[in-house]
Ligand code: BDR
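Have a look below at one chain only, the form predicted on its own, in C-alpha coordinates format.
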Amino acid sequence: MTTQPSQPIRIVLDTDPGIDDALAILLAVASPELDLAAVTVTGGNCPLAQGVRNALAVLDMVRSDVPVVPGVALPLIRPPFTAEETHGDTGLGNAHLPEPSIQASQDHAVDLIVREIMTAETPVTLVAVAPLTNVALAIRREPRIVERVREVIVMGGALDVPGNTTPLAEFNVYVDPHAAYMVLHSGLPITLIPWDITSKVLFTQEYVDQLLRIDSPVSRFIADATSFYIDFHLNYFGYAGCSINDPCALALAFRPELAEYETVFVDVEIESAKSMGKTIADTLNVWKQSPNVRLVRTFDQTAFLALFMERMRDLAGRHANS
(Lines give C-alpha, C1' and ligand atoms only; values in the text may rest on other atoms or scores of the structure.)
Protein backbone atom coordinates (compact mmCIF):
# COMPACT_ATOMS: atom_id res chain seq x y z
CA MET A 1 0.00 0.00 0.00
CA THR A 2 1.30 3.44 -0.94
CA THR A 3 1.47 5.92 1.93
CA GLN A 4 0.33 9.34 0.79
CA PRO A 5 2.29 12.36 2.01
CA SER A 6 0.67 14.43 4.76
CA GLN A 7 0.76 17.43 2.43
CA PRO A 8 1.26 17.75 -1.32
CA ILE A 9 4.84 17.70 -2.60
CA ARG A 10 5.72 21.10 -4.02
CA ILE A 11 7.35 20.80 -7.43
CA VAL A 12 8.69 22.93 -10.23
CA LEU A 13 8.34 21.30 -13.65
CA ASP A 14 11.05 22.41 -16.09
CA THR A 15 9.96 21.66 -19.66
CA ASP A 16 10.31 22.26 -23.40
CA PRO A 17 6.71 21.48 -24.50
CA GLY A 18 6.70 19.06 -26.56
CA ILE A 19 3.98 16.38 -26.72
CA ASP A 20 5.16 14.29 -23.80
CA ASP A 21 5.95 17.47 -21.84
CA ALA A 22 2.32 18.48 -22.31
CA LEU A 23 1.23 15.09 -20.97
CA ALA A 24 3.50 15.59 -17.97
CA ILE A 25 1.88 18.98 -17.31
CA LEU A 26 -1.56 17.34 -17.44
CA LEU A 27 -0.44 14.57 -15.07
CA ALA A 28 0.91 17.14 -12.62
CA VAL A 29 -2.36 19.08 -12.67
CA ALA A 30 -4.35 15.85 -12.26
CA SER A 31 -2.32 14.53 -9.29
CA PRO A 32 -3.47 15.68 -5.84
CA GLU A 33 -0.21 14.46 -4.33
CA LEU A 34 1.55 17.39 -6.03
CA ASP A 35 1.53 21.15 -5.54
CA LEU A 36 2.70 22.47 -8.90
CA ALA A 37 4.42 25.79 -8.15
CA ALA A 38 5.26 26.66 -11.76
CA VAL A 39 5.99 25.34 -15.21
CA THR A 40 9.33 26.72 -16.34
CA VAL A 41 10.29 26.56 -20.00
CA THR A 42 13.48 26.37 -22.02
CA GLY A 43 14.20 25.93 -25.71
CA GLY A 44 14.34 22.32 -26.86
CA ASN A 45 11.62 20.38 -28.65
CA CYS A 46 10.54 23.73 -30.07
CA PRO A 47 11.81 27.30 -29.76
CA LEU A 48 11.28 28.99 -26.40
CA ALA A 49 8.40 31.25 -27.45
CA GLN A 50 6.48 28.33 -28.95
CA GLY A 51 7.11 26.21 -25.86
CA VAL A 52 5.78 28.95 -23.60
CA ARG A 53 2.69 29.26 -25.78
CA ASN A 54 2.16 25.50 -25.66
CA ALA A 55 2.42 25.36 -21.87
CA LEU A 56 -0.03 28.25 -21.51
CA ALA A 57 -2.50 26.66 -23.93
CA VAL A 58 -2.41 23.29 -22.16
CA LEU A 59 -2.93 24.86 -18.74
CA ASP A 60 -5.66 27.13 -20.11
CA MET A 61 -7.46 24.08 -21.49
CA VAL A 62 -7.79 22.67 -17.95
CA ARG A 63 -8.42 26.10 -16.40
CA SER A 64 -5.26 26.04 -14.31
CA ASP A 65 -3.65 29.22 -12.97
CA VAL A 66 -0.20 27.65 -12.50
CA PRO A 67 2.41 30.22 -13.65
CA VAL A 68 4.30 29.58 -16.88
CA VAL A 69 7.76 31.11 -16.59
CA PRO A 70 10.01 31.58 -19.65
CA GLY A 71 13.65 30.72 -19.23
CA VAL A 72 16.73 30.39 -21.42
CA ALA A 73 16.15 30.17 -25.16
CA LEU A 74 19.51 28.77 -26.27
CA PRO A 75 21.94 26.08 -25.09
CA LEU A 76 24.94 27.28 -23.12
CA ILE A 77 27.46 26.82 -25.95
CA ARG A 78 26.04 24.86 -28.87
CA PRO A 79 23.55 26.19 -31.43
CA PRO A 80 19.84 25.45 -30.89
CA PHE A 81 18.53 22.07 -31.97
CA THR A 82 14.78 21.44 -32.16
CA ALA A 83 12.61 18.40 -32.93
CA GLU A 84 9.90 19.30 -35.43
CA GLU A 85 10.09 15.83 -36.98
CA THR A 86 9.21 14.31 -33.59
CA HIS A 87 6.72 16.83 -32.20
CA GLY A 88 5.42 18.66 -35.27
CA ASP A 89 5.76 22.26 -36.39
CA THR A 90 4.19 23.68 -33.21
CA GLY A 91 5.51 21.09 -30.78
CA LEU A 92 2.07 19.60 -30.09
CA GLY A 93 1.73 17.21 -33.00
CA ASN A 94 -1.64 17.43 -34.75
CA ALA A 95 -3.29 19.30 -31.87
CA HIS A 96 -4.35 22.91 -32.41
CA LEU A 97 -5.28 24.57 -29.15
CA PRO A 98 -6.91 28.02 -29.05
CA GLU A 99 -4.79 31.05 -28.30
CA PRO A 100 -4.44 30.99 -24.51
CA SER A 101 -6.35 33.54 -22.48
CA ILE A 102 -3.62 33.57 -19.84
CA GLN A 103 -0.20 35.18 -20.13
CA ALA A 104 3.28 34.08 -19.23
CA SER A 105 4.88 35.32 -16.05
CA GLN A 106 7.24 38.31 -16.26
CA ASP A 107 9.58 36.36 -13.99
CA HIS A 108 12.54 34.38 -15.34
CA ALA A 109 12.73 30.61 -14.96
CA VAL A 110 16.22 30.66 -13.44
CA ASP A 111 15.12 33.20 -10.81
CA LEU A 112 11.93 31.23 -10.11
CA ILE A 113 13.79 27.96 -9.63
CA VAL A 114 16.26 29.58 -7.23
CA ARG A 115 13.57 31.42 -5.27
CA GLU A 116 11.30 28.39 -4.92
CA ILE A 117 14.11 26.18 -3.65
CA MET A 118 15.67 28.77 -1.34
CA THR A 119 12.49 30.13 0.26
CA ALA A 120 10.22 27.09 0.53
CA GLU A 121 9.18 26.06 4.04
CA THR A 122 9.53 22.41 3.01
CA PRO A 123 12.04 21.27 0.38
CA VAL A 124 10.97 21.52 -3.26
CA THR A 125 11.31 18.80 -5.89
CA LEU A 126 12.53 19.91 -9.30
CA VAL A 127 11.36 17.73 -12.19
CA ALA A 128 13.52 18.49 -15.25
CA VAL A 129 12.26 16.95 -18.50
CA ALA A 130 14.00 19.29 -20.95
CA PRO A 131 17.55 20.26 -21.84
CA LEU A 132 19.10 21.23 -18.51
CA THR A 133 20.00 24.83 -19.40
CA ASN A 134 17.69 26.46 -16.84
CA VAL A 135 18.86 24.10 -14.11
CA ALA A 136 22.55 24.63 -14.84
CA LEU A 137 22.20 28.39 -14.72
CA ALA A 138 20.17 28.19 -11.52
CA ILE A 139 23.13 26.40 -9.92
CA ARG A 140 25.45 29.13 -11.17
CA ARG A 141 23.08 31.83 -9.89
CA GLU A 142 22.73 30.29 -6.43
CA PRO A 143 24.97 27.30 -5.61
CA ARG A 144 23.17 26.76 -2.30
CA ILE A 145 20.20 25.20 -4.10
CA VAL A 146 22.31 22.02 -4.27
CA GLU A 147 21.84 21.55 -0.52
CA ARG A 148 18.33 22.99 -0.28
CA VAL A 149 16.43 21.09 -3.00
CA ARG A 150 14.56 17.94 -1.97
CA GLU A 151 15.27 16.05 -5.19
CA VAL A 152 15.94 16.68 -8.87
CA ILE A 153 14.28 14.14 -11.15
CA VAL A 154 15.82 14.26 -14.63
CA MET A 155 14.52 12.61 -17.77
CA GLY A 156 17.50 12.23 -20.06
CA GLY A 157 20.40 10.20 -21.33
CA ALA A 158 20.86 6.89 -23.09
CA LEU A 159 23.18 4.57 -21.18
CA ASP A 160 22.89 1.00 -22.46
CA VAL A 161 20.83 1.62 -25.61
CA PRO A 162 21.35 3.70 -28.77
CA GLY A 163 20.38 7.36 -28.55
CA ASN A 164 17.19 8.72 -30.05
CA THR A 165 18.89 11.76 -31.62
CA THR A 166 22.32 10.47 -32.61
CA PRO A 167 23.56 6.87 -32.52
CA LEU A 168 24.80 7.59 -28.99
CA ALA A 169 22.92 10.56 -27.53
CA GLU A 170 19.43 11.14 -26.17
CA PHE A 171 17.71 14.40 -27.15
CA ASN A 172 17.61 16.33 -23.86
CA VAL A 173 21.30 15.75 -23.17
CA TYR A 174 22.36 16.25 -26.80
CA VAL A 175 20.68 19.66 -27.06
CA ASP A 176 22.74 21.05 -24.17
CA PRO A 177 25.42 18.56 -23.12
CA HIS A 178 27.41 21.24 -21.28
CA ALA A 179 24.42 22.02 -19.08
CA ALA A 180 23.96 18.31 -18.41
CA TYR A 181 27.64 18.05 -17.47
CA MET A 182 27.28 20.96 -15.03
CA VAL A 183 24.20 19.47 -13.42
CA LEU A 184 25.66 15.97 -13.06
CA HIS A 185 28.84 17.37 -11.50
CA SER A 186 27.01 19.79 -9.18
CA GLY A 187 26.25 17.57 -6.21
CA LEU A 188 22.48 17.86 -6.67
CA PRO A 189 20.47 14.87 -5.38
CA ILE A 190 19.58 13.57 -8.84
CA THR A 191 17.24 10.75 -9.79
CA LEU A 192 17.88 9.95 -13.46
CA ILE A 193 15.34 8.14 -15.61
CA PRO A 194 16.94 7.56 -19.02
CA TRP A 195 15.66 6.79 -22.50
CA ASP A 196 16.63 3.16 -21.80
CA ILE A 197 13.61 3.02 -19.48
CA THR A 198 11.11 5.50 -20.90
CA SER A 199 11.38 4.25 -24.48
CA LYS A 200 9.61 1.07 -23.35
CA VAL A 201 6.63 2.89 -21.81
CA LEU A 202 4.33 2.96 -24.83
CA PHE A 203 1.08 4.88 -25.05
CA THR A 204 -0.90 3.08 -27.74
CA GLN A 205 -3.98 3.81 -29.82
CA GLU A 206 -5.94 1.53 -27.51
CA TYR A 207 -5.39 3.98 -24.66
CA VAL A 208 -6.32 6.90 -26.90
CA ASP A 209 -9.58 5.19 -27.87
CA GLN A 210 -10.44 4.65 -24.21
CA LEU A 211 -10.00 8.35 -23.48
CA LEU A 212 -12.06 9.35 -26.51
CA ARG A 213 -15.08 7.71 -24.90
CA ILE A 214 -15.17 10.85 -22.76
CA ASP A 215 -16.35 13.87 -24.76
CA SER A 216 -13.78 16.36 -23.51
CA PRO A 217 -11.23 18.78 -24.93
CA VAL A 218 -8.64 16.93 -22.82
CA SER A 219 -9.35 13.65 -24.60
CA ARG A 220 -9.32 15.28 -28.02
CA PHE A 221 -6.07 17.09 -27.27
CA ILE A 222 -4.34 13.88 -26.17
CA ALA A 223 -5.64 12.06 -29.25
CA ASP A 224 -4.58 14.79 -31.68
CA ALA A 225 -1.17 15.36 -30.10
CA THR A 226 -0.27 11.70 -29.81
CA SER A 227 -1.48 10.75 -33.29
CA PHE A 228 1.55 12.58 -34.69
CA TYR A 229 3.81 11.10 -32.02
CA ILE A 230 2.55 7.54 -32.61
CA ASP A 231 3.15 7.87 -36.36
CA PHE A 232 6.68 9.16 -35.73
CA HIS A 233 7.54 6.29 -33.39
CA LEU A 234 6.21 3.72 -35.86
CA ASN A 235 8.17 5.18 -38.77
CA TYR A 236 11.39 5.89 -36.87
CA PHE A 237 11.60 3.14 -34.23
CA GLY A 238 9.06 0.57 -35.39
CA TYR A 239 7.11 0.98 -32.13
CA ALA A 240 3.35 0.39 -32.02
CA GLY A 241 2.81 3.35 -29.74
CA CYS A 242 4.66 6.44 -28.51
CA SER A 243 7.12 6.64 -25.64
CA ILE A 244 5.68 9.02 -23.03
CA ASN A 245 9.01 9.84 -21.43
CA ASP A 246 8.27 12.93 -19.38
CA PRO A 247 5.18 11.73 -17.48
CA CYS A 248 7.28 8.81 -16.22
CA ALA A 249 9.72 11.25 -14.62
CA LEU A 250 6.88 13.32 -13.20
CA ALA A 251 5.25 10.25 -11.63
CA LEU A 252 8.43 9.43 -9.70
CA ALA A 253 7.95 12.65 -7.71
CA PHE A 254 5.05 11.04 -5.87
CA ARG A 255 5.29 7.35 -6.74
CA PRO A 256 9.00 6.52 -6.36
CA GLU A 257 8.07 2.89 -5.76
CA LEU A 258 7.33 2.56 -9.49
CA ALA A 259 11.08 2.15 -10.01
CA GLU A 260 14.08 0.21 -8.78
CA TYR A 261 17.30 2.17 -8.54
CA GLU A 262 21.07 1.87 -8.63
CA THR A 263 23.41 4.48 -7.18
CA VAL A 264 26.14 5.12 -9.75
CA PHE A 265 28.44 7.72 -11.27
CA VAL A 266 27.17 9.08 -14.61
CA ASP A 267 29.11 11.40 -16.88
CA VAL A 268 28.49 13.18 -20.20
CA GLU A 269 30.74 13.42 -23.25
CA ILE A 270 31.28 17.09 -24.19
CA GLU A 271 34.46 16.97 -26.28
CA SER A 272 33.97 14.54 -29.17
CA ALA A 273 31.83 15.71 -32.09
CA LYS A 274 30.68 12.19 -32.95
CA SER A 275 29.81 11.17 -29.39
CA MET A 276 28.67 14.59 -28.12
CA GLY A 277 26.01 14.18 -25.44
CA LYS A 278 26.64 10.49 -24.79
CA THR A 279 25.87 9.59 -21.18
CA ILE A 280 28.07 6.96 -19.55
CA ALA A 281 27.30 5.02 -16.35
CA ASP A 282 30.41 3.69 -14.62
CA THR A 283 28.68 0.64 -13.16
CA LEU A 284 32.01 -1.13 -12.46
CA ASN A 285 33.46 1.96 -10.71
CA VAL A 286 36.44 2.01 -13.06
CA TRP A 287 36.81 5.77 -12.64
CA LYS A 288 36.66 5.57 -8.82
CA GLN A 289 34.24 8.49 -8.68
CA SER A 290 31.60 8.93 -6.00
CA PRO A 291 28.09 8.13 -7.27
CA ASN A 292 26.23 11.22 -8.44
CA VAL A 293 22.83 9.84 -9.43
CA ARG A 294 20.16 7.45 -8.32
CA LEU A 295 19.65 5.73 -11.66
CA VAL A 296 16.33 4.14 -12.57
CA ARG A 297 17.11 0.56 -13.62
CA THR A 298 13.59 -0.91 -13.78
CA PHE A 299 10.20 0.76 -14.04
CA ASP A 300 6.74 -0.72 -13.55
CA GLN A 301 5.24 0.43 -16.82
CA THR A 302 1.99 -1.48 -16.25
CA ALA A 303 1.34 0.27 -12.94
CA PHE A 304 2.40 3.61 -14.37
CA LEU A 305 0.12 3.36 -17.42
CA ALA A 306 -2.79 2.40 -15.18
CA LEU A 307 -2.06 5.45 -13.02
CA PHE A 308 -1.68 7.72 -16.04
CA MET A 309 -4.94 6.56 -17.58
CA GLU A 310 -6.79 6.90 -14.28
CA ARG A 311 -5.61 10.50 -13.92
CA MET A 312 -6.32 11.40 -17.58
CA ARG A 313 -9.83 9.90 -17.40
CA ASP A 314 -10.50 11.90 -14.24
CA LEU A 315 -9.12 15.11 -15.76
CA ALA A 316 -11.08 14.60 -18.99
CA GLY A 317 -14.23 13.93 -16.98
CA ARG A 318 -13.79 17.11 -14.96
CA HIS A 319 -13.65 19.07 -18.20
CA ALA A 320 -16.21 17.06 -20.17
CA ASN A 321 -18.62 18.80 -22.52
CA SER A 322 -22.10 18.93 -21.04
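Computed from a prediction, not measured in an experiment: that's the story for all the values here. Sequential numbering from 1, following the sequence displayed.
Just so you know, the form predicted together with the ligand exists too; it's not on screen, but the next bit is about it.
- Residues with any non-hydrogen atom within 4.5 angstroms of the ligand in the predicted complex fall in just one of 117 to 125, 220 to 228, 181 to 189, 241 to 249: 241 to 249.
- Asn164 belongs to the set of residues with a heavy atom inside 4.5 Å of the ligand in the predicted complex.
- The ligand in the predicted complex is not approached by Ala138, whose heavy atoms all lie more than 4.5 angstroms from it.
- Contact check for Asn172: a non-hydrogen atom falls within 4.5 Å of the ligand in the predicted complex.
- Interface residue remark: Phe203 is not counted as part of the site for the ligand in the predicted complex, having no heavy atom within 4.5 Å.
- Although the ligand is omitted here, in the predicted complex none of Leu13, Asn134 and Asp176 has a heavy atom within 4.5 Å of it.
- Heavy atoms closer than or equal to 4.5 Å to the ligand in the predicted complex belong, across 87 to 118, to one residue only: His87.
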